[in-house]
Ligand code: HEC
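Have a look below at one chain only, the form predicted on its own, in structure tokens format.
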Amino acid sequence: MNRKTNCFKNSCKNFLWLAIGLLFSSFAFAEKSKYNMTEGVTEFSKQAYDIHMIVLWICVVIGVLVFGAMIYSMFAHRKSKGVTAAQFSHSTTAEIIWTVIPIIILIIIAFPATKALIKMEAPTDADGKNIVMDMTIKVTGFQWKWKYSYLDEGISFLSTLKADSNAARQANPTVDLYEVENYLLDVDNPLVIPVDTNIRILLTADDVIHSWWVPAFGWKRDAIPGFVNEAWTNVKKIGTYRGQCAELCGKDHGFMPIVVEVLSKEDYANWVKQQKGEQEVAEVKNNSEWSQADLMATGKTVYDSQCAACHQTTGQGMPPAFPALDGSTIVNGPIDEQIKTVLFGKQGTAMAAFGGILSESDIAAAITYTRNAWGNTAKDAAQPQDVKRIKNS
């Protein structure tokens, strides 16, 4: 009996050292491995990381104990040693233990998780007081682009897939995708925000449900037509952070990236000043007479970024959902009818209304380009004043 007792004690001691070794090696792996979850750059993302690590260590301990006990039992009580299996149907004590312990573990996990979720919905500081928001940005999802409106600054712009990624992902690509940096994860106009600033973000959509998601921020929100979702963030580190629409929103769902540039407060103030200057220039353009050459040059840029996703850069479209513009009766017909189609969309088709998305000058330029590109023979031009007249009629 003494020999068996000593053998059992030695086995338990070896198992304990093995468990400690596995625990520390798992800790080192989780801390250093590139496969572990990242901490992100906001308070939310760090809270999610901390909760993830708590759950990870609980799972490691459970795994070591369960599999260690199984391995020890198979080794120490194997048939070749003459061990006879115990005969019993169940153990009430064991059933209570393996029911109560998981419940206690779940309650322990629930406390930090619930606290994080509550703070995500109702932001408070360390003293429990409501956090004051420094600025508000409205995010509107469209098929397949984002519109950012800085409600305190009067700035708004569209953010779409960058031209080189868009060219590389077409059916007959003109650009090698392996030569495109940040393929499908770059945009022409990123969202720009200041570092260490409390920012309220209002999310909605104009057509179908989208979802705004930047992993480094630690949260995502659905953008739903007719409904305004609210979130907030405070990014602690200057840099560029990328995400994507996380909702299946249509055929180009995979080509709707999100890029956020976080600047110092001084650089952000300079950016705001620059944007306001550009919007003043755009307003002047909306009230000016454009030359045919300027309309065609700007129109190609607008078409490639806003229209080519559906109608293709060649104007051939993807019938029947997205008809060809090359030879189209609408494009080659009365110019006012085409302006109405672009401004207000077309009921019962996939044609979106661009009146609330693009400026009058951009719409006029894009229409002029389509009427004079490829094999179209309209050979006329739309002016921003024409678009404004129909928009306000």
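Here the rigid core means the biggest group of C-alpha atoms that line up within 1.5 Å when the two forms are laid on top of each other. Residue numbers here begin at 1 and follow the sequence given. Everything quoted here is computed from the prediction, not taken from an experiment.
The protein also exists as the form predicted in complex with the ligand; that form is not presented, and the subsequent description refers to it.
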Checklist entry - At the 4.5 Å heavy atom threshold, is V342 in contact with the ligand in the model of the complex? => result yes
Checklist entry - So in the model of the complex, does any heavy atom of V41 sit within 4.5 Å of the ligand? => result no
Checklist entry - Could you tell me if L358 has a non-hydrogen atom within 4.5 Å of the ligand in the model of the complex? => result yes
Item to check | F217, heavy atom within 4.5 angstroms of the ligand in the model of the complex | outcome: no
Checklist entry - Of these, A321, V83, I97, M133, which has a heavy atom no more than 4.5 Å from the ligand in the model of the complex? => result A321
Checklist entry - Of the options Q306, T204, T313, S159, which one has a non-hydrogen atom that comes within 4.5 Å of the ligand in the model of the complex? => result Q306
Checklist entry - Going by heavy atoms within 4.5 Å, which of 187 to 195, 260 to 268, 173 to 181, 140 to 148 lines up against the ligand in the model of the complex? => result 140 to 148
Item to check | Sequence-ordered list of residues in 337 to 356 near the ligand in the model of the complex, where near means a heavy atom within 4.5 Å | outcome: Q338, T341, V342, K346, T349, A350, M351, F354
Next on the checklist: I want to check K346: does it shift between this form and the one not shown by 2 Å or more at the Cα, with the core superposed?
Outcome noted: yes
